[in-house]
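Presented below, as structure tokens, is a lone chain in the form predicted on its own.
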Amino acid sequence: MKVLRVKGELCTQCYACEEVCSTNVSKERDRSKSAIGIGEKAVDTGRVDITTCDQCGQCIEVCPTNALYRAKSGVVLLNEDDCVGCLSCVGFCPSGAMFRHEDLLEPFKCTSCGKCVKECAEGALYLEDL
């Protein structure tokens, strides 16, 4: 299973990863629709807080319609046809990596597609095989 990992100390907050991710998630370049969250840079460490899914799968357990499932690859995916938009997964995610947007009916999350990794010039994002 591939999992997106981060090196916050390398992030320059250029937001290129969020832009490419939003294009993948919603087919538009809108950082608020990204499954990666680039946060603030810590003053003391210079490390940027980056939120993304670690594919732990705890959201699967709280989904009342079984719309969330683990694919053969190991990545957690959402079947939008089965999602009722209750957002239980958003509230439950221990990493805060299940996102929602008012324009979208269903929540969304990182699927470890790797497009953000290719976009990150600083190497702050990488895929790890588990």
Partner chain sequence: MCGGCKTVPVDKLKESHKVYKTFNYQLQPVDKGYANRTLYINLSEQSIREKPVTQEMKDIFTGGRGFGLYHLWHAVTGKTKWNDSENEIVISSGPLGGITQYPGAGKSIVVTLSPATGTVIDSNVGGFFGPFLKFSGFDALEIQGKSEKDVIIFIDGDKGTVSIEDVEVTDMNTHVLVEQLSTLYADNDEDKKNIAIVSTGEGSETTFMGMLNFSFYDKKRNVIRIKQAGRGGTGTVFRDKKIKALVVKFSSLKGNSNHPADKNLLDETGIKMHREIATLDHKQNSMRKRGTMHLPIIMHDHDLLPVHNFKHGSHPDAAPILNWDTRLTHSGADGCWFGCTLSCAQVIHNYELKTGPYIGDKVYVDGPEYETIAGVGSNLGIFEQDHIIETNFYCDTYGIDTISFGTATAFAMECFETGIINKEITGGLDLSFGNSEVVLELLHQMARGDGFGKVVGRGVRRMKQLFVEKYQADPQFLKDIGMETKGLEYSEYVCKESLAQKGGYGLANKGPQHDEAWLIFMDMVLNQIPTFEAKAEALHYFPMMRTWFGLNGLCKLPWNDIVPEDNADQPEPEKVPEHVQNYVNLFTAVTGREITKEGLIAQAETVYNFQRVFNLKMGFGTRRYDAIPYRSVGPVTVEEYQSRAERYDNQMKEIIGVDPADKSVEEKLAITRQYREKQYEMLCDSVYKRRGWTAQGVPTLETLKRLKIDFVDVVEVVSQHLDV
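Note that the coordinates shown come from a computational prediction; the quantities given were computed from them, not determined experimentally. Numbering follows the first chain given and starts at 1.
If you look for the form predicted in complex with its partner chain, you will not find it shown, but the lines that follow are about it.
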Three-residue site 6, 39 and 56 fully in contact with its partner chain in the predicted bound form at 4.5 Å by heavy atom: no
Candidate from 19, 119, 122, 106 lying within 4.5 Å of its partner chain in the predicted bound form - any heavy atom: 106
Touches its partner chain in the predicted bound form: residue 83 (any heavy atom, 4.5 Å): yes
Proximity of residue 87 to its partner chain in the predicted bound form, heavy atoms at 4.5 Å: yes
4.5 angstroms heavy atom contact with its partner chain in the predicted bound form for residue 76: no
Contact flag, residue 61 vs its partner chain in the predicted bound form, heavy atom cut 4.5 Å: yes
Any residue of 91 to 125 that, in the predicted bound form, places a heavy atom within 4.5 Å of its partner chain: 91, 92, 100, 102, 104, 105, 106
